[in-house]
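Here we start with a single chain on its own, the form predicted on its own, put down as structure tokens.
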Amino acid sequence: MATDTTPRETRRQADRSRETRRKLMEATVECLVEHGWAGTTTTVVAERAGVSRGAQLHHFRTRGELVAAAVEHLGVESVLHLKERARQVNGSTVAVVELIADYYASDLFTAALELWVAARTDPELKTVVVPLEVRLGRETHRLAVELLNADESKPGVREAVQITLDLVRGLALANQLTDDGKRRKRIIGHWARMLEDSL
């Protein structure tokens, strides 16, 4: 005999499934940052997330799927966080560029960088990473246009926004081995003043 608890149990199961996925994705990004691609095995991730190996395999069949999903998940969350922080800045070009630079200097970039380097020589992983990079790149560009209040119908503005993203990505790369914060702040301030003339 059916009871009215069945839909409730189904919801609980869906909630547990979402929570397991969330734990796996967060653990994956943490492992990428701490251990790099080579040390981010599905076993290590499952242990760190506190889930069984079977539960991990139920959600993600391969390490590539798991890592790509984790980076994309964190990317979406980071964009939402960036939008929230953008509401709190004064709206000046310098403040916005600093905000975008901080976004790229986060653990997300470190995790994504590990993924990109591994994908360079792994054809299977590359098929997962390239579409992910396109999606995140497009979303970040769109967000930068919005935050900078840039009119891309004006000649050179689209390129100026893209140069901004490429610059802060390069600065984030330089920050991987040593703390490059002081130099980054100086360069960002200089570029933001140049960018204002382009917008």
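Start at 1 with the first residue shown and count on from there. All values derive from a computational prediction rather than experimental measurement.
Although it is not shown, the form predicted together with a further copy of the same chain is what the next lines describe.
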query	finding
Option from 43 to 51, 65 to 73, 144 to 152, 28 to 36 whose residues, in the predicted complex, bring a heavy atom within 4.5 Å of a further copy of the same chain	28 to 36
4.5 Å heavy atom contact with a further copy of the same chain in the predicted complex for all of R169, I187 and W191	yes
Residue contact check: V129 to a further copy of the same chain in the predicted complex, 4.5 Å heavy atom	yes
R85: touches a further copy of the same chain in the predicted complex, heavy atom cutoff 4.5 angstroms	no
Contact label in the predicted complex: G137 to a further copy of the same chain, heavy atom within 4.5 Å	no
Distance check, V79 to a further copy of the same chain in the predicted complex, heavy atom within 4.5 Å	no
Residues in 119 to 140 with any heavy atom within 4.5 Å of a further copy of the same chain in the predicted complex	A119, R120, T121, K126, V129, V130, E133
